[in-house]
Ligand SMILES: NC(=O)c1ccc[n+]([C@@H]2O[C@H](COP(=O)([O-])OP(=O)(O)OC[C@H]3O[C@@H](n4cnc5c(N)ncnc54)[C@H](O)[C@@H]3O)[C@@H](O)[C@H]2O)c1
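Okay, so here's just one chain, in C-alpha cells, the form predicted alone.
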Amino acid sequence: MSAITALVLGAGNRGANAYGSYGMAHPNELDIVAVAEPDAPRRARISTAHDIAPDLQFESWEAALARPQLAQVAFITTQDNMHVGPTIAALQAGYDVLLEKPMATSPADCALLVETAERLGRTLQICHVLRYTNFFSTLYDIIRSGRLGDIISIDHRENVAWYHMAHSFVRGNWGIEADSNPMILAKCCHDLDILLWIMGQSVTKLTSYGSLYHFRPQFAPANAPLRCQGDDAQVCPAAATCIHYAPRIYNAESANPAGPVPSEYSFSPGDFMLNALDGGNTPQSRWEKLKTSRYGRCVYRCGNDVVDRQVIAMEFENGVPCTFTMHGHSDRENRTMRWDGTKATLYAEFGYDQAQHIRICEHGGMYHDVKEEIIVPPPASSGHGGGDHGLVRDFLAAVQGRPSHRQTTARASLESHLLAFAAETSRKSGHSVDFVQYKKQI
C-alpha cells in the first residue's frame, strides 16, 4: 500500500517536529507533499526535510486550500485561535484532518467543527496524544479489567514544571487567555480526555477553583527591567538568583558580552523551548534573539493572565467523585494519579524524564502491600512518551477504515473540551455547573 499523502498547515514544533517526523521515520506510511507556513525559515526547513516541491510551498493556509486537493489528509497545527477557518476549509475541500488540540477557542466553534466533519463524512481527529502512550494504554487496561473492583474515587494531578509554565504560559503563546485559551483547556484537555476515556462515561456536575498567583509584577525582583538582558547589555540585577533568567534558561548566557553571570543555578532547555525561541544553534545567536523575542521578557512583567493553579471537583454518571489538579510550580514535568477501588488502590506516575510506573496495592494487607509494580519505559521514538507517533499511526489507520479503540474521535474530544470550558465557567462565576444542562446550551 502506498504512503498516505499529507498537507501540513503550520510548520512549528508540533507540525514539523512532533508529527512531521513520523513521515521521516516511516516514509512508506506518510508522505508530506505540501506545506503552508508564513515563517520563511520554518517553511524552508520542512520543505527541505520532506523534499516538497517549490510550487507546493505556501505562505498561508488560504493559498494552499484554494488549490485543488493536494493530498489525502491535512495536519492542522496552527495557533489555537487559527484552527476553525483552515479546518472547515480543509474538510470542505475533501481532506481528512488531524487537528492539534485544543480544537477551538469557544464551545460553539468546537461544536461547529464536529458537526461539519460529521455532516461531510470526514475523519476529524484531535491530537490527544496521551491515549497513544504505553503508560496510559496500560492504565486503561488495568482499570477496565476490573482488577481494582468498583472505582470509588479518583485523584489526578498534572504537575507542570516551573520552567514549562514560564516558557509556554507566561512568556509564550498561551499566557494571555484572549489570545489563546484558558490554561485548563490549552494544557489539560489531554487529562480530561484520559479520564473520560478510561471511565467510559460522562460527568454530571463540577466545581472549579483557581487563580494566577505568582507571575505578577508585585513578585518581580527589585529594579528588574522589562527584559532579562536589560538595556545596553546591563543584565537584570537579580540574574544570579532568579531561576527564570532568560539567557540561562535558553542556553545563551555564555555569549553575554559582559561575561556570564555567576549563579548556583544551571539549566538544560528542552528542544521544544529552543525550537520555540527559534534563535539558531549557537549561544550568540540565541543571545541576540532574546533581545527582541517574547522569551527574553521578565516573567513578572509579561501581562499574562492565565492561572498557575486550578482544581476541578467533578462527579461521573455512576457517582464516582474525581478531583483534578493542575499547577505550574512543579519540580518536574509529570502526572501523578491515584485510583481507589473496592479491591485495590492504584498509584501511578507518568513523566518524561524518569521511568513511568504503576503500583497496585490490593486490599487485605497492611501499609502499602504492593501486589504488583509495573515499570513502563517511555519509547524513545517520539515525544509525549511515544504518544506523538502513536497518534499519527492511529490517524493514518483510521482514514484507511481501521480505527482503534484508542481513536480520539471528534465527538469524544468535544466532550473533554466542553468539560474544560465548563470548569472555567465555574471558576469565574464561583458556582457549580450542571454539566448535563451545560452541554444542552451549546
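Just count from 1 along the sequence shown to find any residue number. Please read all numbers here as calculations on a predicted model, not as lab measurements.
This next part talks about the form predicted together with this ligand, which is not shown.
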Using a 4.5 Å cut on heavy atoms, which of 190, 171, 248, 286 is close to this ligand in the model of the complex? 190
Which pick from 298, 110, 127, 307 sits with a heavy atom within 4.5 Å of this ligand in the model of the complex? 127
Determine whether any heavy atom of residue 208 comes within 4.5 Å of a heavy atom of this ligand in the model of the complex, and answer yes or no. no
Looking at the partner-bound form in the model of the complex, is residue 423 within 4.5 Å of this ligand by any heavy atom? no
Would you please decide whether residue 282 lies within 4.5 angstroms of this ligand in the model of the complex, comparing each non-hydrogen atom pair? no
So, residue 19 and this ligand: in the model of the complex, are they within 4.5 Å at any heavy atom pair? yes
Per contact check vs this ligand in the model of the complex (non-hydrogen atom within 4.5 angstroms), the hit among 395 to 403, 409 to 417, 46 to 54, 33 to 41 is 33 to 41
Within 4.5 Å of this ligand in the model of the complex, counting any non-hydrogen atom, which residues from 305 to 329 show up? none
